[in-house]
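As a starting point, one isolated chain is supplied in structure tokens, in the form predicted on its own.
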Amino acid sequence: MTVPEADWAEALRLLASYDEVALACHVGPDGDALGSMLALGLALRAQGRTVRASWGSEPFEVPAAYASLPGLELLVPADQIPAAPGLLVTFDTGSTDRLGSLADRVAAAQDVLVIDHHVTNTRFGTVNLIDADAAATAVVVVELLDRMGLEVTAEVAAPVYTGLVTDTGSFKYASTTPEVHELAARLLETGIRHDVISREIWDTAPFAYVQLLGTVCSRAVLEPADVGGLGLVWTRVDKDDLDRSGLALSDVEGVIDVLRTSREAEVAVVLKTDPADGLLKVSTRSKGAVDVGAVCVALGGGGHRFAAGFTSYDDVETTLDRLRAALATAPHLPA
């Protein structure tokens, strides 16, 4: 999905019109949301702009995997984002509800620039830079920087690379194209420590997580007849699990990457109880045969074809019944 030239031109006009810019990404930010936001924020700050960046969920803590990224000093708690920003730029956020407590800034802002790559984006901006063919929102940000004539320095490249490796699964997912590798090469040429970035994201965790992983995987359930015979594997992370381990929801995102390795299941699902509100945060992954993005949209969520999620107000069994029913009629993708 190519972004129309008129939208690029209008985005450049908006960004040139404001000396102060508010940036926001979705609640519980992942590497692409946070990396994209920090990359543009750093580039704008280098121009002398005043930049504040945030997300609307509590606790306001940077996930440990991203705690060494450049630009963290741009981050402020949500209540420090102006109530009525002149320009609000959102990243990797498909709808206003995903902004959490910052959702009200959309209606209050003078202009809203939406930067995203979710095909399900509701296009809530004054201007929408949405490229559903991009492997990550960070890819859209790089094109924007190029069109603005701004240099992708090592400081900017590190968060961009974080977004790129996060949403391509360290270049394992089907979204990895020749253009993705070309961009990665360009970023490496700036001198970033890609090995350190990847180690922090994929290969570093508290020992409590290792113990929790054993507990959560031991209760995994394989249902080979589900998903039209393609197979479903699922497990849950309870509030008690998090309380005992001292971990946060953001610390257990990697559980699904272990679960999805099950040879007998096309679709993997992790149901996590959010300690803050008691709701189930459901993550889904497909190996390539099923469009879980469409499934999650039907259940009130969103995401990509192979990685998506939704929030459920029901208990685990009711949520699973709804999910199984949706998966039974899910679109199958060509091999």
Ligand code: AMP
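Please read these numbers as outputs of a predicted model, since none were measured by experiment. Quick note: we count residues from 1 along the sequence shown, nothing fancier.
Below, we turn to the form predicted together with the named molecule, even though it does not appear here.
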Q | Touches the named molecule in the predicted bound form: residue 70 (any heavy atom, 4.5 Å) | A | no
(Q) So, residue 283 and the named molecule: in the predicted bound form, are they within 4.5 Å at any heavy atom pair? (A) yes
(Q) Is residue 311 part of the interface with the named molecule in the predicted bound form - any heavy atom within 4.5 Å? (A) yes
Q. Using heavy atoms and a 4.5 Å limit, would one call residue 118 a contact residue for the named molecule in the predicted bound form?
A. yes
Q | Stretch in contact, per heavy atom within 4.5 angstroms of the named molecule in the predicted bound form, of 297 to 305, 62 to 70, 49 to 57, 34 to 42 | A | 297 to 305
